[in-house]
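Here you get one chain, nothing else, as structure tokens; it is the form predicted alone.
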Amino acid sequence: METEPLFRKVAITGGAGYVGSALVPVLLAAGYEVTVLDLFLYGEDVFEGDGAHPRLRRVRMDIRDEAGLTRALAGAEAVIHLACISNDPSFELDPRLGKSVNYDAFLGLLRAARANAVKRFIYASSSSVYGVKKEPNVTEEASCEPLTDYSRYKLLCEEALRKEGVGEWMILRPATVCGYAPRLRLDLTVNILTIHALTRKVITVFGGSQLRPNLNIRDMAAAYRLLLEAPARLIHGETFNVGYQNRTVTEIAQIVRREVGDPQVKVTVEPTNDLRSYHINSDRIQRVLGFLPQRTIEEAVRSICEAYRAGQIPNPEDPRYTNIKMMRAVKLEESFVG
């Protein structure tokens, strides 16, 4: 049975990105009014058949424009903050840009949200804030020891949110998301190994023993919807890991090879100095909110295979599928605001 949205009007920063392109259609189908705040670097047609939906509003803007944010959030009851320079390589391409988007803009977003009396604020942090852990089950109580500027600023935003607050707020630390979405990313472990298997017939594994926590993108969208609808007493001021399958890179490669179903695909192993290993425990979100992922790495691989074979990924080398390539292509600069 569908439930009536607790907060009907939702604003999503970075809503035209990878996760947003899967999340927005889910929320529209559930009856939400959705405002997407985004630069739309990857185009404005990422919502497939929902582009002209009467409950979808698109605002092209830079989230560092605090005055623009304050105007754009007028009437919003809930905010899901997805916008950021995603992943370590993209952040390191221009650290000043990364800080200005991932941290400085966050402080402005909190002010803009408070100015509009936003009732619920959901922050997409990252499981990378934990750093490298030896224990097999990294819970929300584990110490955070970020290894990179990307993860360090994610953690600093968490601390700012805890200190300053805004309405009913909570923090999500997602695993690495995988699977097909209209605004596809092919720079994530499962996705990139899958497209290489399809196009190159070779899956190259660097190292292989590193653990990666994974979450199907459809479950990621379901988690955000659940957080919008959960009672405040269960989520306010809380932090949740959200992941599903912790697998080594070698195991992921073997899953990809099996699901692609092409006997010509080979797996090769190369040495690496990057032995960062992330593995998270997501029991808490299941215990508190009843959230249990329904989809697997295998299904994520199949979704990319189906899209590729249907011609929905016409040129996998297109920069739009890789964040760092797209940043270079559009010459995204620190000074750009709008």
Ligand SMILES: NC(=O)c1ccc[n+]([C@@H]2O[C@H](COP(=O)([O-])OP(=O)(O)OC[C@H]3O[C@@H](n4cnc5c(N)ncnc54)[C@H](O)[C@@H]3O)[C@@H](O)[C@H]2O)c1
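Bear in mind that the values here come from a model prediction, so they are computed numbers and not experimental data. Residue numbers run from 1 along the displayed sequence.
This protein has a second form, the form predicted together with the ligand, left out of what is shown; the following refers to that one.
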Q) So, in the model of the complex, is Ile195 in contact with the ligand at a 4.5 angstroms heavy atom limit? A) no
Q. According to a 4.5 angstroms non-hydrogen atom cut-off, is Gly14 in contact with the ligand in the model of the complex?
A. yes
**Q.** the ligand contact in the model of the complex: Asp38, any heavy atom under 4.5 Å
**A.** yes
Q) Taking heavy atoms only, is Glu66 within 4.5 angstroms of the ligand in the model of the complex? A) no
Q.
Just to confirm the contact call: exactly one of 139-147, 167-175, 247-255, 228-236 touches the ligand in the model of the complex at a 4.5 Å heavy atom cutoff, so which is it?
A. 167-175
Q.
By the heavy atom within 4.5 Å rule, which residue out of Val288, Met61, Leu28, Val269 makes contact with the ligand in the model of the complex?
A. Met61
Q.
Using a 4.5 Å heavy atom cut-off, which residue among Ala112, Val129, Cys157, Cys84 comes into contact with the ligand in the model of the complex?
A. Cys84
Q) Of 98-123, which residues get within 4.5 Å of the ligand in the model of the complex if you count heavy atoms? A) Val101
